[in-house]
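Okay, here we've got a single chain as structure tokens, the form predicted on its own, with questions on binding and movement later.
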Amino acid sequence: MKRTFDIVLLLTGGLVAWELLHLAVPFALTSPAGTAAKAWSMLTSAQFWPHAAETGKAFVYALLLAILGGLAIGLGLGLNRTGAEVAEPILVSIYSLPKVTLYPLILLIFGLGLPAKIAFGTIHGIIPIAIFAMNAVRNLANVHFKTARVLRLSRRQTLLTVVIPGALPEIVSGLRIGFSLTLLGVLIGEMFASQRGLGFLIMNAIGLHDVPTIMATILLLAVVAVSASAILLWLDHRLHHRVA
């Protein structure tokens, strides 16, 4: 009950602050009601959905690649203690690198269009997923691996029955972060070189100083991102509670 009250209080405070900012700078922000009305108008417009579908397609492909690649890298390094110690600072350094500096290289390799957006989204999400998966395996109690050796489990059996179930809570934490960063990467990719997608809509609206469209698009993206994050956070808490 208290948690629900805190959430309602936080949302109310955010809406009040938003309305006050709108009153202070009406040329830069639309009101919450005006933004919601514009968002509904966009949702009922036939022109909006091709852009949403383009972003959704790029995001799904990028997220799948980030998850598969991140888990392969993280689990592989986590099972090799020496490799993990060497790779961790390298991965952290790559993660801290501003990804936008890589965008010209991505355009040269993949060209304009969907592949470039997928690649840009993937490089945003793959590193945090890999780091969380690697550290999850490294933090597993050594007794689990000793038990697997006593039972003469193969490497594949150990991975499926010991490593992945034990590391799953931390892996889900990484997926929650990777989800948001992959979406961010796809949107940034659409802003730089694209003629379709929600990122393109935002960039085009910025050029036209179309504040209602900017705010409405951001609101729709925020609703999707927060909803997905809330589901993953709930799953994260459930898994950690079960392990505890």
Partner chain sequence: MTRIGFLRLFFVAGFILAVEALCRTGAISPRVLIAPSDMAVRLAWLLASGKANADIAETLGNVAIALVLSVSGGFAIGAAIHAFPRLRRAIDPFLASYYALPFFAFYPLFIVLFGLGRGAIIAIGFLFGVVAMIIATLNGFDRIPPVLVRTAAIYHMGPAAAALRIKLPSAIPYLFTGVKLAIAYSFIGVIAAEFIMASSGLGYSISYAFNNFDNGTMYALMLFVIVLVTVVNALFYSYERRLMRRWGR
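Positions refer to the first chain, counted from 1. Since we're looking at a predicted model, the values are computed, not measured.
Missing here is the form predicted together with its partner chain; even so, the following discussion is about that form.
Contact with its partner chain in the model of the complex, judged by any heavy atom within 4.5 Å, is made by just one of 42, 52, 65, 29: 29. Contact check for residue 204: no non-hydrogen atom falls within 4.5 Å of its partner chain in the model of the complex. Using a 4.5 Å cutoff between non-hydrogen atoms, residue 214 counts as a contact of its partner chain in the model of the complex.
In the model of the complex, its partner chain sits within 4.5 Å of a heavy atom belonging to residue 183. Contact between residue 102 and its partner chain in the model of the complex is found at the 4.5 Å heavy atom cutoff.
Partner proximity in the model of the complex, defined as non-hydrogen atoms within 4.5 angstroms of its partner chain, places exactly one of 102-110, 167-175, 68-76, 129-137 at the interface: 102-110. In the model of the complex, every residue of the candidate spot (86, 89 and 233) has a heavy atom lying within 4.5 Å of its partner chain.
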